[in-house]
Ligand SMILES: C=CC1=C(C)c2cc3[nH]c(cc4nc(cc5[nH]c(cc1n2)c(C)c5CCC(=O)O)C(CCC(=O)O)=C4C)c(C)c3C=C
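Have a look below at one chain only, the form predicted on its own, in structure tokens format.
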Amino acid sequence: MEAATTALIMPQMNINNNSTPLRSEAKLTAARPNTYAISSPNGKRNHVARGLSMSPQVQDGVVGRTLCSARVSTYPTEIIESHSMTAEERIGVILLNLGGPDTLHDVQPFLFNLFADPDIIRLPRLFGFLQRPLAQLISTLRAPKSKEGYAAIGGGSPLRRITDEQANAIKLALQGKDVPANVYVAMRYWHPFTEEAVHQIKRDRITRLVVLPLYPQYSISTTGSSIRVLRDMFRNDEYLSGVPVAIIQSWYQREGYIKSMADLIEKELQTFPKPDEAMIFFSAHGVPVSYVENAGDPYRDQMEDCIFLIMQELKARGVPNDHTLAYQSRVGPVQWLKPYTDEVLVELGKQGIKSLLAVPVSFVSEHIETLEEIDMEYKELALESGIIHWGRVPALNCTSSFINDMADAVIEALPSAMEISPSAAAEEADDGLLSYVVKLLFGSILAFFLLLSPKVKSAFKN
């Protein structure tokens, strides 16, 4: 699974969520201590962090008015010129995503990169030296099962190809709005890695950057992890530290996204014999409960708010269907957000539900969790449980209304770009080569003994 995560022990983080429905009045409202929610007259709202330093300073923002009939947006002159755009300015947009193995040979190293991320397996600082040995252990145990999944969808992940297509589409949409920009793809765990994208940004001498995660809802394990990597790179680079940066931390409340999702759901419902009787089944990628309860991750609240907004839009269109939300892709011996997708499917069958439309709400691109986990595993389970009519809403991919809205989000974020604060705390100095080698050796020995434990092997294999 490309986004499977495991939680152990989490440090406290002060991330509070303040989710509200779409509003008709334009204003800036505090969303979290270091982000701001921009609400526009047409209901657009996205969280924007001002610079990679997460500085909580506020500036007035102006948002665009979407002309839906023409599928373009016009903006007051000041939204383009308020950030002192000149002929020499080079705007960059960096799309953040997890990445996925291109071939079956890439599966184990991809999984290693995933589990070596301290935002995925969250160890206490005292045991940080176990990070890489533990990642090696888990990736070795999980690789055979994961390879089976990727083999079932063609031998690799389509995520890179689709994300490249999204990048090109957003670039063209920005050009159509008279905002030329270079758009880069930065994958967290496989090529093109974030480091590769940042290197290209420096080569192109980008002077203003918008960071756009391809995760509608914020989680410390997805958007948070990618931003941490970017922050460290920019903080330690003389050129990059002077580039004004705006980060769109979440955008699930944007009107364009909500309407795009509603369009896909409404269209797919028409494939059922009795569209009004089909239950809309939102399946979101899960996170460990400890992320939410101990670390203040706003993911669950944002997901529930997102579902509310989509259903509100559907009801406004006269779509009366019932709906439910469940979480998929759990892994490891810890508690994840409930209810679990597989358990809910069985329960719905017992309740006599015969028509079910699955909606992968936390994904904007097709990948293994839609193509194999939902389309194969969950479909088979649903049919075995008594569901007769099964459907699945496709991921947004390059849907024109979605791409257009992402381009609008970039334009709206540009005025908020700020340089990295020089007061940002520096990372702790490295303990030295000898200390690192000793810790790695000790961690490898411990990981070896863990490998001998049948319970540990079973937990991470499955």
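The structure presented is a predicted model; accordingly, all values stated were derived computationally and were not measured. In case it trips you up, residue 1 is the first one in the sequence shown, and so on.
One more form of this protein should be noted, the form predicted together with this ligand, which is absent from this view; the next part is about it.
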Task: Ligand-site obstruction classification: this ligand, superposed in the predicted complex, backbone or C-beta within 2.4 Å - done: blocked
- [ ] Could you tell me if all three of I120, S146 and S221 have a heavy atom no more than 4.5 Å from this ligand in the predicted complex?
- [x] yes
Open item on the list: Please determine whether Q253 contacts this ligand in the predicted complex, using a 4.5 Å cut-off between heavy atoms.
Closed with: no
Open item on the list: With the partner left out here, check for me: in the predicted complex, does some heavy atom of V287 sit within 4.5 Å of this ligand?
Closed with: yes
TODO: Please check if F110 has a heavy atom lying within 4.5 Å of any heavy atom of this ligand in the predicted complex.
DONE: yes
TODO: Would you please decide whether P360 lies within 4.5 angstroms of this ligand in the predicted complex, comparing each non-hydrogen atom pair?
DONE: no
Task: Which of 123-131, 360-368, 236-244, 176-184 sits within 4.5 Å of this ligand in the predicted complex, heavy atom basis - done: 360-368
TODO: Heavy atom within 4.5 Å of this ligand in the predicted complex: which of V93, L345, M261, L114 fits that? Just give me the one.
DONE: L114
- [ ] Scan F282, Y215, Y257, Y378 and let me know which has any heavy atom within 4.5 Å of this ligand in the predicted complex.
- [x] Y215
Task: Stretch 123-152 - residues with a heavy atom within 4.5 Å of this ligand in the predicted complex - done: R142, S146, Y150
